[in-house]
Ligand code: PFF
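Only one chain comes next, encoded as structure tokens, the form predicted on its own.
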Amino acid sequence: MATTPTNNRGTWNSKLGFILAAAGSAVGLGNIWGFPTQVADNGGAAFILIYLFCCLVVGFPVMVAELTIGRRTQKNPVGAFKALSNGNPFASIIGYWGVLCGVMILSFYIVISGWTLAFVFEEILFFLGYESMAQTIGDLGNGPKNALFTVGFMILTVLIVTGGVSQGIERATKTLMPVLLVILAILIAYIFTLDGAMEGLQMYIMPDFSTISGGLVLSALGQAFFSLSLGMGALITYGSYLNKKQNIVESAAYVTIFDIGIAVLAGLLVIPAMFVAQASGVQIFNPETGALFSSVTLVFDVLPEMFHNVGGLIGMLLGVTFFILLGLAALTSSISLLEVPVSYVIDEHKVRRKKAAWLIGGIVGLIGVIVSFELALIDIFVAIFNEIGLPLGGLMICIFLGYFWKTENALIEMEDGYENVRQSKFAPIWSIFIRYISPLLIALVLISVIWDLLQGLL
């Protein structure tokens, strides 16, 4: 008697569940603090317009590509490229690179994410009058404290991933993403009632087109690529849990719009908050260079000082809510970062999910503890695995799909869920972008990043 093979890897229970999970992967600390400070440094709304353009012309096409590869193979990034290349070892390198980038990015990401949890307690302790304890908790250079919160954040991430695709990741993100949106809306509404907020809003929405340059465009392109979680295999992995009824193009569009929306809303919060801080006497610009302080300084020095200046119960609640927001954003991304290597171990080495999650989580957590004591490693890991690794991964994905697996085969896979895709206007446009435009733009970002890093070393 014929039997139908079953897939025990798990699937998304609903279209909304997948969209929220994929959007959660994209929405992270880069949206909440990275995007607003990029906007503030690069001409306000002028940067936003270029960022939107970059998300559409590079981010969206590559996202469609990753989701298609994942659903076609129903495998992790390594297994996916092996399957589509008939076992060619050179193609599987693309998958291995994605898994490695995911592991190494997560290893420093959980340290920064741990800081967000620590500052929830810092705000409470300051409010209760334990200023010395608050200062200890808020000291970013405190290795033992960093390690404690890093391990705590890693355990929280592992617990969600051990639940599997539908009962763990989907269930968690269905709760986390709406809560994140509600908190963001509440904070925006309150910040706009404080002195200085309107000055920040004006800076945010008024474009300064004189700042537009090649460097700004490349910065916006890099921010778009990172904020959409591209190039590390996360969306290939999430795509592998999609059912055949799901419209990949439509889903990718929703995720892209969701990510852009969160980034824009985050700007409506953070930039006015910076000017509220300035109005309360907190310095937000470097007195030596005149430039805005770095993202880390703004988020973990400037804004906490503003919350303290607001004072009382309101100031404490404002600070606690803000850092919970950051923690939620970090958690939705750390889940997807951990799922990439976990799915690899499950698929390729036949290890059960719970064991795989704790094994990989333990290894990443150990690296994170080392980073907790040696914070200089963050800049090194960011340069190698984030600024170089993600564009390189995206470039290899475009080249592989465009010239080896072929866009025609990808479009055939998209027909499940989008029946007339090959007859639509989308098909030829997407094919041109994946084969020519997206690789060219990604290569420019990669060359620019490498050049800047070399200049810094010389």
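Note that residue numbering begins at 1 and tracks the sequence as displayed. Note that the coordinates shown come from a computational prediction; the quantities given were computed from them, not determined experimentally.
Beyond the structure shown, there is the form predicted in complex with the named molecule, which is absent from this document and is the topic of what follows.
Heavy atoms within 4.5 Å of the named molecule in the predicted bound form belong, among the stretches 56 to 64, 396 to 404, 24 to 32, 415 to 423, to residues of 24 to 32. This chain is drawn without the named molecule; in the predicted bound form, the residue among 76, 336, 173, 372 with a heavy atom within 4.5 Å of it is 336. This chain is displayed alone, yet in the predicted bound form one of 126, 258, 226, 204 has a heavy atom within 4.5 Å of the named molecule; that residue is 226.
Contact between residue 322 and the named molecule in the predicted bound form is not found at the 4.5 Å heavy atom cutoff. Put simply, residue 232 is close to the named molecule in the predicted bound form: some heavy atom of it is within 4.5 Å. Although the partner is absent from this view, residue 109 contacts the named molecule in the predicted bound form, with a non-hydrogen atom inside 4.5 angstroms.
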